[in-house]
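As a starting point, one isolated chain is supplied in structure tokens, in the form predicted on its own.
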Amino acid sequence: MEQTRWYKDRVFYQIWPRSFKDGDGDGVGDLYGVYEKLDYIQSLGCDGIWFSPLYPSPGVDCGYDISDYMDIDPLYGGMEAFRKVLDGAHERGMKVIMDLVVNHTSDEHEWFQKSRRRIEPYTDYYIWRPALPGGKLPNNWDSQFEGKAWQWDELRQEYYLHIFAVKQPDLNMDNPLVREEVKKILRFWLAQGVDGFREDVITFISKKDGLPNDYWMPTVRGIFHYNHGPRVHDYLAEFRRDALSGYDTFTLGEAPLVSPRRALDYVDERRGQLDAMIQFQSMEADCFMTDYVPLPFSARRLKRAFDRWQKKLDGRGWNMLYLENHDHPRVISRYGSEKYRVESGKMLACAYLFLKGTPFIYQGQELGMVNWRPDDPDLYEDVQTRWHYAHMLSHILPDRVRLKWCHRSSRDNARTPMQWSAEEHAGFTTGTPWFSVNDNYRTINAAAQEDDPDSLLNFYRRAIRLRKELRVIRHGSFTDHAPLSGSLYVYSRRLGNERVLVVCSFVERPVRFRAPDGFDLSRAELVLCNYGAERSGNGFITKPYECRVYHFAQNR
């Protein structure tokens, strides 16, 4: 029988702190700004918050290069401001989860600085290897961000492994002292009162014995040797047993290249070490493995990803639902239409918010924020974007083509400041913003949508309220009624005699829809739609990016 846990009835809001709201006027988003906006988050119907890293950091990877795990960066207001936000969230009945980033640290972390000097007990806190004969690298692995995965350290006279940026050395989780450090981090934040953790690339923490060369993967060599490594389940079980047990937490693991079948090894409710996983398959409907290898958008590919996770985890594990976060471009620019920004934004909300799982909304998603397209590549801040522009196919592609590539794929598309109003700097700050504000903020902002009943913001509020009101949406069974359609996503949820039917068109052109067998639309209530609510028999011709949600009550 499916376990009932608090996170299964929640809707989370992800905050990327630097760009959410600046409360002290220095141009950088902070916890003072978050405190100001707690009521706004609650007004959406969200009763959970996921914070991207708030810890002290040099900022090479915008906070994912951590130099101190047991503090809050003064840039964000320090521990005092964090406690105020945590208390404010809890007073509003909201849960708070932190980002746990323990595959790697900053190279400015005390552990690394002592490790490179061979100061015990830190000597083996990281993955060090001598050069091979001729000064060759220890193996042929690639990093995710900056060239090869090995960097020479002049002080130690060895290479260290960095799966991400050069200044993000990988921890050696095989060292039991490192695992003890992770448990200290978990216990520290649980003692502060946080409610769980989003665990960054957690499936990378165990590397294959011997760190062998990768002769299978043509790009990002090594990923099959450090993803789902030989002891990853042992380590996660250890963290749960020694640090998380005794707390009613929500643990969410980020898992690149994970299938539903593999995910059950982590999230099976009978034996798993995590509660849910952030999978990437639903973000691969317009690319191959990474946003930087673009493909034409395919609604079938998106639906197939949704359907597989809904069906394979049903009754055994729990889904995490999302279409945007800090690591991907804006979804309307990808899967929807900027021409039909509001209509397609509403449709995309319906496409995922009524699936089974815990939904996450990323800051600005509810406003329909879209991709940012600077004229100058030097305006990009993201380490991955800058490296791709400077190196990937630079000997083949002209500058304008590479810039267009970044316009489509850069993570910075999701990291421009939150657009609160049409005031200067989008109401994000009274100072000079740390990063460029998207020029469309005068028309796309929260203030303009607040009192408009037809706005995307208020559509999200209605959709979340509907999800909260109807248990069938949260816990009912799932059926896809048009799996072969390249235009329509038609799925239903059922709990007892109660049903919900969701109809989403992913195209601008008109498409003929007929209700599936057993669904009489005349006996249903049209509870949500992005166009007029006219009656149309048991079928209709869709308008551009139309969506409808029908509720069939038990007594109908």
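A residue's number is simply how far along the shown sequence it sits, counting from 1. Everything numeric here is computed off the predicted structure, so don't read it as measured data.
Heads up, the form predicted together with ligand GLC isn't pictured, but that's what we're talking about next.
Considering ligand GLC in the predicted bound form, the lone stretch of 410-418, 305-313, 424-432, 469-477 in range is 410-418 [heavy atom distance within 4.5 Å]. Taking Leu274, Val201, Ala463, Val96 one by one, only a single residue has any non-hydrogen atom within 4.5 Å of ligand GLC in the predicted bound form, and it is Val201. Taking a 4.5 Å heavy atom cutoff to ligand GLC in the predicted bound form, the contact residue among Tyr160, Phe164, Tyr322, Phe112 is Phe164. Ligand GLC in the predicted bound form comes within 4.5 Å of a heavy atom belonging to Val101. Proximity of Phe145 to ligand GLC in the predicted bound form falls within the 4.5 Å heavy atom cutoff. Not displayed here, ligand GLC is kept clear of Tyr69 by more than 4.5 Å at the level of heavy atoms in the predicted bound form.
For the chain shown alone, Asp47 is not a contact residue for ligand GLC in the predicted bound form, no non-hydrogen atom being within 4.5 angstroms. Using a 4.5 Å cut-off on any heavy atom, the one residue of 48-63 that reaches ligand GLC in the predicted bound form is Asp61.
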